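Form predicted alone, single chain, as structure tokens, below.
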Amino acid sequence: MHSSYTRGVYLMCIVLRMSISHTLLGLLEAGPRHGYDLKRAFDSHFGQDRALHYGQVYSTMSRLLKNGLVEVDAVEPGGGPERKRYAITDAGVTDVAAWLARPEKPEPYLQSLLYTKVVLALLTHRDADALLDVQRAEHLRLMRELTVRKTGGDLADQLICDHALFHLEADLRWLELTAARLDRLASEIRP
């Protein structure tokens, strides 16, 4: 179980990195930009809950440059280090187009961590029902917060909140189903 969890975390990091790479490439299709401008555009459109760090922008741009997906369009002197302006290459445009056309694999993210906690609670004779109750309360708290945010947000924020709310609703159904099956699960996993 540990090795599959470790693989899952590793794959999630790769997917996140690929998503950021492609997102920055897509932002460059509008025209050349400096790293600072890319960060600002990313945060404006996609960073409502998690802003991009400057170091992540520059390490991603370095990787994209090395892979031939971007090029340095201009180098300008600044108050500190020289400022590079990046432009997307034809290969980068093709890469973004292919990424946009490829469907994303649905991720069973809840199962991997909460299921693990439920099983471990049962194996160690802890109160798995209490664990599910605490998680249910946390889901409901977040759903209330997102509902408030959604009512005051613009269309992009509303869509992001709807996506999260639908996932949280599915998670709640899973929590209820698991609570109803705890005795059976305990009898199957305990020696």
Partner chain sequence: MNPPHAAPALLTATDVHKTYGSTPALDGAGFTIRAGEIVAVMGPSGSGKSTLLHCLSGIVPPDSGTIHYAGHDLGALSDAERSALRRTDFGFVFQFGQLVPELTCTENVALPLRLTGVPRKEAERRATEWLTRLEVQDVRHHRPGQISGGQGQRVAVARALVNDPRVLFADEPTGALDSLNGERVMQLLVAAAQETGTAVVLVTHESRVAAYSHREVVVRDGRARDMAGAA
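Numbering follows the first chain given and starts at 1. Given the structure is predicted, the values throughout are model-derived calculations rather than measurements.
Beyond what is shown, the protein has a form predicted in complex with the partner chain; the following relates to that form.
Colleague: Can you work out which of R144, R50, H45, H53 has a heavy atom no more than 4.5 Å from the partner chain in the predicted bound form?
Modeller: Filtering the options by heavy-atom distance leaves R144.
Colleague: Check each of R40, R136, R126, R63 and return the one that places a heavy atom within 4.5 angstroms of the partner chain in the predicted bound form.
Modeller: It is R136.
Colleague: Of these, 136-144, 22-30, 118-126, 63-71, which stretch puts a heavy atom within 4.5 angstroms of the partner chain in the predicted bound form?
Modeller: Of the options, only 136-144 has residues within 4.5 Å of the partner.
Colleague: Does D154 reach the partner chain in the predicted bound form, with heavy atoms at most 4.5 Å apart?
Modeller: No.
Colleague: Do H34 and the partner chain come within 4.5 Å of each other in the predicted bound form, heavy atoms counted?
Modeller: Flag for H34 set to no.
Colleague: Can I160 be called a contact residue for the partner chain in the predicted bound form at 4.5 Å between heavy atoms?
Modeller: Residue-level check for I160: no, no contact with the partner chain.
Colleague: Between the partner chain and V57, E76 and R83, in the predicted bound form, does every residue show a non-hydrogen atom at 4.5 Å or closer?
Modeller: No: no residue has a heavy atom within 4.5 Å of the partner.
Colleague: At a 4.5 angstroms cut-off on non-hydrogen atoms, which residues of 168-186 are near the partner chain in the predicted bound form? List them in order.
Modeller: Heavy-atom contacts within 4.5 Å come from E169, L172.
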